[in-house]
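Quick setup: one chain, the form predicted on its own, written in structure tokens, and binding and motion questions come after.
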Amino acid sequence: MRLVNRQPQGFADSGDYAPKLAERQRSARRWQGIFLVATMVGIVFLVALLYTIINQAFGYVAQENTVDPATLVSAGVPLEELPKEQLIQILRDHVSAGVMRRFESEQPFELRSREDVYSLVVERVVAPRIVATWNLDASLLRRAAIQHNVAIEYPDARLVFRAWLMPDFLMRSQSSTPADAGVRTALLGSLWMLAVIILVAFPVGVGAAIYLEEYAGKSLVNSIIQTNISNLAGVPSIIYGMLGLAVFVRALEPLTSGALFGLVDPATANGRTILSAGLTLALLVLPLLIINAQEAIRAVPASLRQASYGLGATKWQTVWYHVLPSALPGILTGTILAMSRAVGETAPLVVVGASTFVALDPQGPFSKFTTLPIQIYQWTSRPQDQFRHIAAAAIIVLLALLLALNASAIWLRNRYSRRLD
């Protein structure tokens, strides 16, 4: 019996294989180089962004006192060493009675510490003001020239190295003076809004994903719903802002303003509140959350469902006790990433009516509000250099908040993955 070596049809003969293999390898190396260059370009842009932010958040400032501290004392004792009673008297002598009553209503002077009273004296009486600022690179590379210029142009000023991002920057409320401004009000507004988004979007999004994956069959209506959810994920965010303005701010104003619950006078009710902003951004991230939750549920092996049915479990018991716990790490990861996008949004909040200057901290979902992105936008639009410095510090705070959310997503995913293993 003669064996015939038949080569499969379409298989290149040995004479053409080596050149084509070499060409494929060269093509692979070219694409690998392109991907490496793209990665390096992305890293360069990221480093440039971080450098620009950090460069403006630190640097030298030339600071002058409106009132010389030496003129406030008579016995030759430095201002920083005066007892609390004398500091209070200095406040009474240089601050109006209305301001003193406001200080007393916020916290009685008997309960204030000496350091707190001293800070009020420095802020309200000495009133240091910044007359010139420099970025970090100039402060490090041209220190001698800066000192020389300050000595000539601002002879009464004191040159100090200032970190605009300090712990008290997180604790101070907004102010028209950059040196006294902080992000406490904006940070609290972002956190309140984030709480509303999670409470609304998470149960609705997960519930919709469970229905579409586990209960809804293949029909024309469900296909249309699924297509629209995918399309809504790509709608520009400002469209959601217009929707929120029409529905939550105007149509549902009694609810979103708190007038329906008797919290505000209906005649002065205003729907531009944290609740309106939270509901608007909940609609914004809802399609993303549904899609992420569907992918997580779809990744659960079908054998797990079949094993549950084989043991006599119902459809709901299978979903609640087996499918949902297995998909929970992916659902939580997608949820927190969606929340990260919501925290950084600006356009919908501008349309809904976020205030650019709010001096009072939000007390609940029916309060007027501002957020970190809105505050950053407002500061960067100012012509003074000092506002750009505090805007850079606020950007670092926003980035830290986003990194904390992303780290929480990774931690939750790893924790529930180990529990399932």
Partner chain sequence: MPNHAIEITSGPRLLDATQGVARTSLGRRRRPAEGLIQGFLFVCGAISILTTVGIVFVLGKESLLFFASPEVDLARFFTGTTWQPAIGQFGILPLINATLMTSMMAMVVAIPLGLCVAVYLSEYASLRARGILKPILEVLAGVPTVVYGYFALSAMTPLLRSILGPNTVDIYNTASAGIVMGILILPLVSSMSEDALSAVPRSLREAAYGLGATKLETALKVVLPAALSGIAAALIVAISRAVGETMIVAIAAGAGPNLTLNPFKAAETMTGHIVRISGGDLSYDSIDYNSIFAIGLMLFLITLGLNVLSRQIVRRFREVYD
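Positions refer to the first chain, counted from 1. In this text, rigid core is short for the largest set of C-alphas that superpose within 1.5 Å between two forms. All figures in this text were calculated on a predicted structure; none of them were measured in a lab.
This protein has a second form, the form predicted together with the partner chain, left out of what is shown; the following refers to that one.
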| query | finding |
| --- | --- |
| Contact of R129 with the partner chain in the predicted complex (heavy atom, 4.5 Å) | no |
| P373, heavy atom within 4.5 angstroms of the partner chain in the predicted complex | yes |
| Contact flag, V264 vs the partner chain in the predicted complex, heavy atom cut 4.5 Å | no |
| Close approach of Q363 to the partner chain in the predicted complex, 4.5 Å, heavy atom | no |
| Complete contact of N231, R272 and V351 with the partner chain in the predicted complex (any heavy atom, 4.5 Å) | yes |
| Contact stretch among 161-169, 84-92, 184-192, 219-227 - heavy atom within 4.5 Å of the partner chain in the predicted complex | 219-227 |
| Among the candidates L288, V150, V125, I210, the residue which, in the predicted complex, approaches the partner chain to within 4.5 Å (heavy atoms) | I210 |
| The partner chain in the predicted complex - contacting residues of 227-245, heavy atom within 4.5 Å | T227, N228, I229, S230, N231, L232, G234, V235, P236, I238, I239, Y240, M242, L243, L245 |
| Large Cα move at V44 between this form and the one not shown, threshold 2 Å, rigid core | no |
| Per-residue C-alpha change between this form and the one not shown, G33, threshold 2 Å, rigid core fit | yes |
